[in-house]
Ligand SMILES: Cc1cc2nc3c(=O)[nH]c(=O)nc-3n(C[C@H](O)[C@H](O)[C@H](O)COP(=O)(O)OP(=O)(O)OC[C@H]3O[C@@H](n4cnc5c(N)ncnc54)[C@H](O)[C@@H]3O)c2cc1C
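One chain comes next, on its own, written out as structure tokens in the form predicted alone.
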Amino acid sequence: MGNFYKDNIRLKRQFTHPLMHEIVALREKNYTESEQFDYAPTDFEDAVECYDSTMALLGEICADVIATNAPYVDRQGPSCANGRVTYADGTQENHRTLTEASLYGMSLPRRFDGLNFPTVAAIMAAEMVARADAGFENIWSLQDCAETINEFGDEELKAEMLPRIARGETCSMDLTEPDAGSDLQSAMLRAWWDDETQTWRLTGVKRFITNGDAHIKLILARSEEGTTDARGLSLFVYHKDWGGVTVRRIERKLGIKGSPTCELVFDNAPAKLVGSRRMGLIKYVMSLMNGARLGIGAQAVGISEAALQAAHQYALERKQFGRPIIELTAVAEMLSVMQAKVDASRALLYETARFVDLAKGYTEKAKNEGLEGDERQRNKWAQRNADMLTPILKLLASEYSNQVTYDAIQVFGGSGVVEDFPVARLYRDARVTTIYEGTSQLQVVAAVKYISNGELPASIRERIASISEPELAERFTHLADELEHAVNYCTERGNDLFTLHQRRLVEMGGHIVMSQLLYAERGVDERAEQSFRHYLAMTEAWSAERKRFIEIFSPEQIGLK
């Protein structure tokens, strides 16, 4: 029997990070929940033991059930008939197994039958499920819609919907429309108040909706007549039992085939308002999307880990020229680069998750009992870092997922493009991670403000102060100097040049941060040391290359005026 938790020591180590004591104490309200729920932890060690045992159970299911079903699900896929979706047989088994194991509602409060796990644990679970089957992870991870309902819904709505999600009812985010993709403020699905039934009703079409025939839907709709911008949009919740929504078709996709991507027709479907009118996109969907982007980061890391494991094992077993190909320098170097990218992505994933946990913890405490002076500052610090790192994570982890799966096929050679081996599927699954929940280009737009306002460069300088080895501190200082030089060079020469090179600036900053996070982990084992050394060297080479390119390439050379 395999186990995707126990075979990866980098996961369990996340629970020993120094910030976890603070995170768990906030999550457990300083362990007072044990007075109300006899299964709630009484201290930090008790909580971590619970996380550990739950992750071990999930890791076993991922290895023995979900990963085993993945190739068959990829071939069979879901089907659509009479306006309803039927999952592939393996998907149904996956869902049934996780439901029976009570592994839904992972981050929900206990009063709604959830496990009350922190984001770090929920993201870890998402990484393992994605490693097993990225398509199924899309279905499973959409339970995060519960976070939005819990944060912004009223008590009646939460009591109605959240226990259902904890019991395994599936969710979807119904945002995109035929003419509103990245530009969600153009969404025009109509929401109108029905005086006769005293309920909201929804009319129109949604497209590219992941898990579109879900039980519970969060729907972005235009509630204010005569509006065309974000201020006219509200967020609604809908349950499948209420009727009025049918699946017109399932998209035929390159990858993630087990996850049904649907076009939906809303025919006066009843719905309930989440929070306040007009705040649907401005506040609620932005929060929902940030959580989803963290989830795609976990999905990308899971796919990358699966590709790395497969390629490494194949390189050990495949012999050419009388020896395993892992002994060939070209292959060994390729695997080393893949490993460094996977470890760097994972380091940024959990660093981001920790900041999200802290921000959520202090925000919740502020609502319930208020914050003291130092806590207010810590809340702002955590939220600022969560907002800054989330788009960088989504950008780099998804791009690396595509690169790692590409290289995994190269390690396999001709066998890599044959569907009998897993890397072809992983390569197809990875492609969409740079597109959905905000394209890589949109992540750059979200992240670049932290470059231009100096927050990311300042954060990099702060991390350098904790580096004890003079030689490494000097190398990181040089990287920080190159970044600031590149930023100043672009800023001094106007918006066109800055806009042209904004992705290079974000990548320079992101690579430095990931190198610094690997530095913090380097002493754990030989792999951690190797990944740090290799990634730092790559960062230095990439930084110098981007700095030089910024200096010699202008908007005029691509026709921009």
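Residues carry their position along the shown sequence, with the first being 1. Keep in mind that what you see is a predicted model, and the values were worked out from it rather than measured.
This protein has a second form, the form predicted together with the ligand, left out of what is shown; the following refers to that one.
Heavy atoms within 4.5 Å of the ligand in the predicted bound form are found in exactly one of 422-430, 252-260, 354-362, 369-377, that being 252-260. Residue contact with the ligand in the predicted bound form: residue 209 places a heavy atom within 4.5 Å of it. A residue is said to contact a partner when one of its heavy atoms sits within 4.5 Å of a partner heavy atom; residue 437 meets this definition for the ligand in the predicted bound form. Heavy atoms of residue 275 never reach within 4.5 Å of the ligand in the predicted bound form, leaving it off the interface.
Residue contact with the ligand in the predicted bound form: residue 148 places no heavy atom within 4.5 Å of it. Residue-level contacts in the predicted bound form: of 116, 234, 176, 170, one residue has a heavy atom within 4.5 Å of the ligand, and it is 176. The single contact residue among 442, 337, 282, 101, judged by any heavy atom lying within 4.5 Å of the ligand in the predicted bound form, is 442.
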